[in-house]
Ligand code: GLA
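Next comes just one chain, in structure tokens: the form predicted on its own.
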Amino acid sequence: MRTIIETAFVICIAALFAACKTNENTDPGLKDALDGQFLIGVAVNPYQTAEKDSMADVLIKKHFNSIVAENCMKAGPIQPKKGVFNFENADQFVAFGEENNMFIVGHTLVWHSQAPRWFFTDDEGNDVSRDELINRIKTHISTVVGRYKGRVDGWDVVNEAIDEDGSLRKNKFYEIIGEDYVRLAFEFAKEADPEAELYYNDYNLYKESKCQGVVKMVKAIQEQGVTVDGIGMQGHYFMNSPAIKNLEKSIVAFSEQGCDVMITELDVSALPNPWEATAEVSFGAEYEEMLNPYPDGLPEEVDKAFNQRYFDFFELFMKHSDKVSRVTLWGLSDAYSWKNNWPIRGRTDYPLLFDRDYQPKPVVDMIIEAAKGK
């Protein structure tokens, strides 16, 4: 009798497990629901592309049809010393995308913030000449893009070149080369892989001055016969900004310039926006406590407002799916978001679609249900 009962129990458990697996496989993911509207992407790290995190692996494959390299393709990590390239993590990233039939985005070729120091100086520590820096940019782009020719679908060619007032940022590329560096970067990328899509990527593009600065820059580049396929609007948003109407205005403006619009680096912080606060960093512990108000989880009302805020953004993106070609989350799980360490280390933030236990937040089902009706 005991053997019969035990056998029956095992059969029941096996059947239940099979049913759960079936539901897991048949329930639509974000990529299924949004099919025909835009690609849904996620920034991934080497631990994930090595498939060492099984829970992350399941979510990435179920919900996303595009990936972007979070850090491994930036100039600093990929060429830390002149002529010395480290392609291990980048190779793994591209292979992961290919194996899972994903749209692969390389990030980023030219960016002042994570360019290695050697890029701009000679052996004596002095600034290199204009011609030398142009040559270094070309060599870097030709080597990196050329290695993945025909395998990486799109590249963030230049990142964050426009200042808040709409003028070109006075970074080292600008100081040594001048405004031509942006056009040259796109030229070099096009030469290295004529079939890859080429993007300009920046934040705060919902602001009128910055939006118009990007439109002006891209138009000038295009008028010189150089290709800019798309504009990536970094989506590091807050509960109180940006206004949906301002974001919508920029999406339309970039589309009218003949560019695909992509929402890149999307995360929505439920914590106070430091740039709206009156406190200063010098206030120390008081300031830190103010910017980390929910270390043990979001209160019910805040959580409800957060999910609605996220949905409002996706509702806008779906409204303009004829202009928006891709929406990419800047990370998979709250546990690994960069927002936990910005603007102060040790914050507990909740900016992504999946929580620290890899569980989908209510907004995921909200998006899927809304997409079904489109």
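Predicted model, so just to flag it, every value in this text is computed and none were measured. Residue numbers run from 1 along the displayed sequence.
Same protein, other form: the form predicted together with the ligand, not shown, and the subject of what follows.
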ask   = Which of these residues, 96, 254, 111, 103, gets a heavy atom within 4.5 Å of the ligand in the model of the complex?
value = 111
note = Exactly one of 269, 79, 159, 250 comes within 4.5 Å of the ligand in the model of the complex through a heavy atom, and that residue is 159
query = Out of the stretches listed (233-241, 125-133, 163-171, 207-215), which one is close to the ligand in the model of the complex, meaning heavy atoms within 4.5 Å?
reply = 233-241
message = Since only the chain is shown here, I'm wondering whether residue 330 would be in contact with the ligand in the model of the complex (any heavy atom pair within 4.5 Å).
response = yes
ask   = Taking heavy atoms and a 4.5 Å cut-off, does residue 70 contact the ligand in the model of the complex?
value = yes
ask   = According to a 4.5 angstroms non-hydrogen atom cut-off, is residue 140 in contact with the ligand in the model of the complex?
value = no
query = If you check in the model of the complex, is residue 311 within 4.5 Å of the ligand, heavy atoms only?
reply = no
Non-hydrogen atom within 4.5 Å of the ligand in the model of the complex for each of 74, 265 and 338 = yes
